[in-house]
Each structure stands twice: as C-alpha cells, then as structure tokens.
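In structure tokens, one chain follows: the form predicted on its own.
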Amino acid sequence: MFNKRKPSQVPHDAEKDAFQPHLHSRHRAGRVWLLVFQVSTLIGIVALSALLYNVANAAFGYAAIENKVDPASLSINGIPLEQLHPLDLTYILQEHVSEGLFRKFAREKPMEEYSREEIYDLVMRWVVQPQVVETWTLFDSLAHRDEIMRQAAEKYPQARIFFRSWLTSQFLTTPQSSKPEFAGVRTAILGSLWTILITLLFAFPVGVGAAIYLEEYTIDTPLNRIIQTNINNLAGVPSIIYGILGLAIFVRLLEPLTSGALFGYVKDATTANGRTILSAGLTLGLLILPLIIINAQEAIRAVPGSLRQASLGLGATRWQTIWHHVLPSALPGILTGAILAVSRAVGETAPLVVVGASTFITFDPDGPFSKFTTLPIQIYQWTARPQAEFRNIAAAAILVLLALLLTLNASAVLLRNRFSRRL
C-alpha cells in the first residue's frame, strides 16, 4: 500500500494569534483611507459649489437704473419711444447728440441702412443714457426683497428697480463697451475661438507626431532620455515663461509672418504688429505641446505589443502598422489628453497679456492676423474696474467661459467615444 500524503497542517494557535492583529489593522487602515477619500471628495464638491454660488450670486439680482433723459419726454405725438418709426428715432438721435458723433455713426454705415433695433439702441445709449446706480446680489435679492425695495425707493426715487440677469442674449451678441449696461462679450468669444483653433491646429499634429516618433521609432539612448526628461519638465513650466518666449519669437522675431505683412495683409509694412491672434495661438500651442506629447505617449504605450507584432508578421511596414493599428487604438487616449490641454489653454491669461492681447477692443476679429481679446482677458479687465457693475458682468462672462469650456470638452468627449466604439 502506498503511503497517502497527509493533508496540510492547520496553523497553530500561535500563528493564528499573530495573524489576527495584522488582519484587524489592515481593515482599520482601509476604513481610514476610505474616510480620507470621502472627505477629499466632499471638500472638492463644497469648493466647486462655493465657486458656482459666488459667480451666480453676482450674475443675477436686483438693479437700480436711472435715466439721464426720461424716455417719456422723447415721445412724438403721444407715441412712446419704443414704438416710434426709424425716421423719428433718427431725428431724436440727431437732435440730442453732437454733430461729430452723429457723423461718426453715418461714417460707419449710412443711416438708411441701420435697422430700427440698431437706431433704438443708439438712442438709448447716447440720448436716454441709463446708468446703473446700485446692484444687489442674488442672495440679498431673494432674502431681503422688501428691504431692498424700501431702501431703493428712498435713496433713488427716480430709478427703476427690477430683477436683472446680466447674462442675456444681448450680452452675448454685443461688443465691449465702456458702460456696463451695454457691454458684451461677442468680440471676446470670437477671439477665444480663433485662438483655440490655431492652438489646436498647431499643437495637436505636432504633439502626436512627436509622441509617435519617441515611442515607435527611437531607441533608449542617453540623448533620447534627455529629450524625454526635458519634455516632462516643460509640462510644469509656468505659463508666463511661454508668454515671454512667444513675445520674443512670434511677436518680434517672426513679426512679418505673424502680422500678415509677409502675405500683403498689411498695406503699410511700417505699421505691422505681431501682436495678433496667430501669435497668441502659437504661444498657447507651445504651452500645451508637452501635455499633448506626454498623454499621447501614454496612450500609444498602452497599445499591446502583440498587435504590432501581428501586423508586422503579416508583412505590413512599420508605418502601416502605426497608421492602421496603433493610432486607431490609441486615439481615445490621445483625445483625452487633448481635452485636458484645451481646458488649460482656454483659461490662460498671463501668456496672452505678454503677447499683447487687447484689454479693450470693440471690433470682431476677422482672421489670424487680427488684433484680439479673449474671455479670460475680458474678465480680468472688468474685475480691475472700480465700478461694482463691472463685477456683475464679469460674473456673467465667467458663466459664458464655463459654458464654452464645457461645450468644447463635450465635443471632444463625444468624438473620443465615437472612435472608442469603432475599436
């Protein structure tokens, strides 16, 4: 008879006694870390909620507005101002503004071509001249409405008191103005979109191309390790440094190119200036280039090596393998990195200030060689004003910036998910 192997011995009581305390300590450590993670998440939610509350608190609320000229005094034959014919509105405008200002309006566009809404807006802005004399926050407007009405009636008997949203369709479609009642963010939105477009057109192909070269073609050498280390370090360089770099290279050194003089865009070369959308986009492109390279490298590195070997084994060249197999598999991760990079570029202010973004501009950019401003610059300029009303429109502009950022990110996420489903 063969000897049967004895079953494994049950641990001794001494071993059990030594094991149990460690088990309890591990469970206790796990519960502690779970609590830490929950508290961290709660702090993040509270901080984000406080941010949104402060912005919304300033973007909505009661406002007291006084008119320099009573609109009722401008009625003609009993017809109120808002119902007058464009010819009557033009007559009122000509009678109440200076000849030089009226000629300025006529030089911009013949008065016959102005729509009724445009003429009415000119009359309100330059004749009636409404002025915000005081504003109240959203919380005070909801919690102390009766007290606000009583104080406003005593302090501003001629003013109109009404609940106002500073974020309106007119706010989105009008250019900047020195008066907060008529200021808008149209030029800033267009400037931001132009800048981000040039940034992506420059940084995305260059960054992905660099990542492909570093991951698929180079070998591990001291030189390549130095290059990789520098790319990782450049991702943490302060943005103001990139602004100084952009000022030296794109604004000054490459001024004929970035100003458009090289292509005949500027009629007088002596007035050419490199402080354009093109310079800003290229500067932000340099800023996010390390982020795109690093994220693209991680995405390419995550593609299984067996996929490359199978493609090469079937006779495909290295480039065919990269183009038809590696890149499609890595594209969702590459787009994720692009989303993070665009999120950083949209909110940058310091590099654009150095490059030469305008803080006050009233005309829309019409190309890469135009002068420009962006939403972060616009918000910065408004918050620096002493009038409280500019802080209200700055809060509204922050909401626009957040909506623009979420829209761009949502578009990139949908594009990424579309490519993920194809895999």
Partner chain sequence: MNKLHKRPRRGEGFIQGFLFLAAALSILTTVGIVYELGKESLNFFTRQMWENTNKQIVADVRPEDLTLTINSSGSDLHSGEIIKISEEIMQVTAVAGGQVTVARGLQNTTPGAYNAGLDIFESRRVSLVKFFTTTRWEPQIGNFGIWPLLNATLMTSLMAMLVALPLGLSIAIYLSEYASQRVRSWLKPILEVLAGIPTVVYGYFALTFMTPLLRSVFGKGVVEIYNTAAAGIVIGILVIPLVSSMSEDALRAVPVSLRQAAYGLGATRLEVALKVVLPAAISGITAAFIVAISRAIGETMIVAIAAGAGPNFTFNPFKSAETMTGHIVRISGGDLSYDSIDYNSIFAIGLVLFVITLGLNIVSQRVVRKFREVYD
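Residue numbers count along the first chain shown, from 1. Each form is matched to the other, and the largest set of C-alpha atoms that superpose within 1.5 Å is called the rigid core. Fair warning: this is a prediction, and the values are worked out from it, not measured in the lab.
Keep in mind the form predicted together with the partner chain is missing from the figure; the text below concerns it.
- Task: Report yes if any heavy atom of residue 30 sits within 4.5 Å of a heavy atom of the partner chain in the predicted bound form; otherwise report no.
- Result: The answer is yes: residue 30 has a heavy atom within 4.5 Å of the partner chain.
- Message: So in the predicted bound form, is the partner chain close enough to residue 26 to count as touching (4.5 Å, heavy atoms)?
- Response: Because a heavy atom of residue 26 falls inside 4.5 Å of the partner chain in the predicted bound form, the answer is yes.
- Message: So, residue 347 and the partner chain: in the predicted bound form, are they within 4.5 Å at any heavy atom pair?
- Response: Yes, residue 347 is a contact residue.
- Heavy atoms within 4.5 Å of the partner chain in the predicted bound form: does residue 76 have any? Output for residue 76 is no: heavy atoms all beyond 4.5 Å of the partner chain.
- Query: Out of the stretches listed (222 to 230, 145 to 153, 128 to 136, 166 to 174), which one is close to the partner chain in the predicted bound form, meaning heavy atoms within 4.5 Å?
  - Reply: That would be stretch 222 to 230.
- Are 249, 289 and 402 jointly within 4.5 Å of the partner chain in the predicted bound form, each by at least one heavy atom? Affirmative, all three are within 4.5 Å.
- Message: Counting any non-hydrogen atom inside 4.5 Å, which residue from 237, 101, 201, 307 sits next to the partner chain in the predicted bound form?
- Response: Result of the distance check: 237.
- Partner-contacting position among 91, 217, 162, 263 - heavy atom within 4.5 Å of the partner chain in the predicted bound form: So the residue touching the partner chain in the predicted bound form, by this definition, is 217.
- Task: Scan 48 to 62 and write down, in order along the chain, each residue with a heavy atom lying within 4.5 Å of the partner chain in the predicted bound form.
- Result: 48, 50, 51, 54, 55, 58 sit within 4.5 Å of the partner.
- Query: Is there a C-alpha shift of 2 Å or more at residue 388 between the shown form and the other one once the rigid core is superposed?
  - Reply: Superposed on the core, residue 388 moves its C-alpha less than 2 Å between the shown form and the other one.
- Message: If I superpose the two forms on their rigid core, does the C-alpha of residue 362 end up displaced by 2 Å or more between the shown form and the other one?
- Response: Shift of 2 Å or more: no.
- Item | residue 408 C-alpha relocation of at least 2 Å between the shown form and the other one, rigid core basis | For residue 408, whose C-alpha is compared between the shown form and the other one after core superposition, the shift is 2 Å or more.
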